[in-house]
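Subsequent text provides C-alpha cells for two forms of one protein chain, presented individually as structure 1 and structure 2.
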Structure 1
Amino acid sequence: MSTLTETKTATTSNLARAKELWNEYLPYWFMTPMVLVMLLITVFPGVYDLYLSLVHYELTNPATMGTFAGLSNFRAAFTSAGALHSFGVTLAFVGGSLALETAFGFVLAALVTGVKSDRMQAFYRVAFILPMAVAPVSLATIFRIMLNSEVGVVPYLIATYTPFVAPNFLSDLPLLTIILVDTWNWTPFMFIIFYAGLSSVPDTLVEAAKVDGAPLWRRYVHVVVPYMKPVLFVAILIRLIDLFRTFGLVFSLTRGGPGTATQLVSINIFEQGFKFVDLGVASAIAIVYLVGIVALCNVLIAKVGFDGVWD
C-alpha cells in the first residue's frame, strides 16, 4: 500500500514538473517549427551548394560527376575571364545605381518635405512610390518597347525634339541603360526612407541654423545630413545588398548582352549552372560572391556604422 502511494506521488510530481517545464518553455515550443523551417530552407541549400562547389558536377560529363574536385571550381571562379568580367560589371552596376538612387531619392524627399500642403505631399508620396510597384519582368518588357530604336517612344522623342541622334540604348549603351532603368524602379525605395528621415529632423535645429544665416545648402550639409546619418547608412546598406542580388530586371532586359556587356555575377552563375550545366563552377562562384558581399557589409558596418554613424 505504501509503495503504491509513493508511486502515485512520484507520478504526480513528474507530471507537475513536465507541465511546469512546458509552460516555462512555451514560447520556444511555438517558435521551434518556424526555426526548423528556416534551417531547412537556408542551411540545407548552403551546405548542398558547398558540396557542389567541391565536386565535379558537369551534367554533360556524367563520368566525373560527384568526384572530388578540390579547389578547381574555386580556381575557375577566380581565374575565368568571364567570371572576373562579371564581377567588374556588377561593381559598375551597383556603384552607378546606388549613387543615382541615393541622390535622386534624397532630392525628391527634400522637395516633398518642403511642400506646405499636406494634400499635395500625400499626392507626391503616392506618385513617387508607383514605379516600385511594377514587377521587374513587366518593367523590363515595358522599357524594351519604349527604348526600341524603331518603335520606341524614347528614341522618337530624342530624334524629333533634340538635335541629337537617338542611340540604340540596349546595344550602344547597355550598362548605362540598365543602371537608369533600375534607378527608375528603385529610387522610390530610397525616397520613402529618406522622407521618413527628413520628417524626423527637429524643426528647431533647422530654424536655429536659418537664424544664424546659414544658406539652404549649408543647412542640409551641416545639420540635416549629419542628423540623418543612421537613416542614410541603413538605406544605403539595404539597397547595396539588394543591388548585388539583381537578376530578373537585367536578365529580362538584356539577358546579359550584348555579348557580356551586362553580364552580372548573378547572370553568370545562372549561365554556368543552366546553360553550360556546370553546377560545380556555378556553386563555387556563388559562394565566392556571397562571402564577398558579407565581408563588404561587415566592413561597412564596422568602419562606417559604429564609428561614423552611431557614435
Structure 2
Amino acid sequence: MSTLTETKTATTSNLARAKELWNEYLPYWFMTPMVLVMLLITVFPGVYDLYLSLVHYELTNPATMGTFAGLSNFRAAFTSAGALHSFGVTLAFVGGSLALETAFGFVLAALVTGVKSDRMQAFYRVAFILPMAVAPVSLATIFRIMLNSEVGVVPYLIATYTPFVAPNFLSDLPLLTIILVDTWNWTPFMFIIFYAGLSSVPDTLVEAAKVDGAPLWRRYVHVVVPYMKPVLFVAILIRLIDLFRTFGLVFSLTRGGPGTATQLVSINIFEQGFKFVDLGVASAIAIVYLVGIVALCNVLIAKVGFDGVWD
C-alpha cells in the first residue's frame, strides 16, 4: 500500500516538475520550431556552401567531384573567375544606388509630409509606391525597350526636348543606367520608411526651431534628421543588404555587360554555378561575399549603432 502511495506521489511530483519546466522555459519551447526551421534553411545551406567551396565540384568533371580542393576554389575565384572585378562593380552599384535612393526617398517623403491635404497625401503615397510593385524582370524588359536607341521613348524625349544628344544608355553608360533604373524601382521603399519616420517627428520640436528662427534647411539638418537617425539607419541597412542581393533587374537589363562592365557578384556567382556548372568556385565567391557583407554590416552597426532604435 505504502509503495502505491509512494509511486503516486512520485508521479505527481514528476508531473509537477515537468509542468514547472514547461512554464519556466515556455518562451524557448515556442521558439523551438522556428529555430529548427532556421537551422534547416540557413545553417545547413551555409555549412553546405562552405563544404562546396572546399572541394572540387565541377558537375561536368565527375572524376574529381567531392575531392578536397584546399583553397584552390578561392584562388580560382580571384584569378580566373573575375571575383575581384565583380566586387568592385557591386560596390559601385550599391554605393551609387543607395545614395540616390536615400536622397530621393527622403526628399519625396519630406515633400509629401508637407502636403496639407490628407487626400492628396494619400494620392502621393500610392503614386510614389507604384514602381516598387513592378517585378524586376518585367521592369528590366520595359526599360530595355524604353532605352533602346532606335525605338525607345527615353532617347526620343532627350533628343526632342533637350539640347543634348541622347546617350546609348546600355552600351555607353551601363553602370549609371542600372543604378538609375534600380533607383527608380526602389526609391519608393526608402520613401515609405522615411515618410513614416517623418510623420513621427514631434511638431513641437520643429515649431520650437522655427520660433528660434532656424531656416528650413537648419530645421532638417539639426532637428528632423537627428531625430530620425534610427529610422534612417535601419532603412539604409535594409536597403544595403538588399542591394547586395540584386540580380534579376541587372541580369535582364545588361546580362552583366557590355563585356563585364555590370557584372555584379550575384551575376558572377550565377554564371559560375549555373552556366559553367562549377559549384566549387561559385560557392567560394559566395562565401567571401557573405563574409564581406556581414563584416560590413557589423562595422556599420558598431560605428553608427542602433542608438535610439530600441529605446
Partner chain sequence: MPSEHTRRNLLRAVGIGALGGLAGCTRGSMQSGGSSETSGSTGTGESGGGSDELAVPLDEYTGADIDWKQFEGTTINIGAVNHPWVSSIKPAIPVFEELTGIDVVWNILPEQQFRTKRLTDVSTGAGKFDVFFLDQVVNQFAESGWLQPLDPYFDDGSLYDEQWYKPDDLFEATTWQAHGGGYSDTWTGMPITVEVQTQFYRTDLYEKHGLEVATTLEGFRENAKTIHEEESDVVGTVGRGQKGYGMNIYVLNTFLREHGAELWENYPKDSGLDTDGAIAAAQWYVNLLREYGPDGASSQTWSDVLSTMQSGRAGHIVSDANLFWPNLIDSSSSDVADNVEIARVPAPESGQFGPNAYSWQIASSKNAKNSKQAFLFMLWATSEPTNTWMHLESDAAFSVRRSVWENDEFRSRVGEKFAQVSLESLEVAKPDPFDRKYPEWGQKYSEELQKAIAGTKSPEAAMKRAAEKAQQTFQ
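Take the two forms, find the largest set of C-alpha atoms that superpose within 1.5 Å, and that set is the rigid core. What you see is a predicted model, and the numbers here were worked out from it, not measured in a lab. Please note that residue numbering is based on structure 1, beginning with 1 at the start of its sequence.
Here, the chain labelled structure 1 is taken from the form predicted on its own. S80 shows a C-alpha shift of 2 Å or greater between structures 1 and 2 [criterion: core-superposed Cα displacement of 2 Å]. Positional change of V294 between structures 1 and 2 stays under 2 Å at the C-alpha, relative to the superposed core.
Look at N61: with the core superposed, its C-alpha moves 2.6 Å between structures 1 and 2. Core superposition gives R17 a CA displacement of 6.9 Å between structures 1 and 2.
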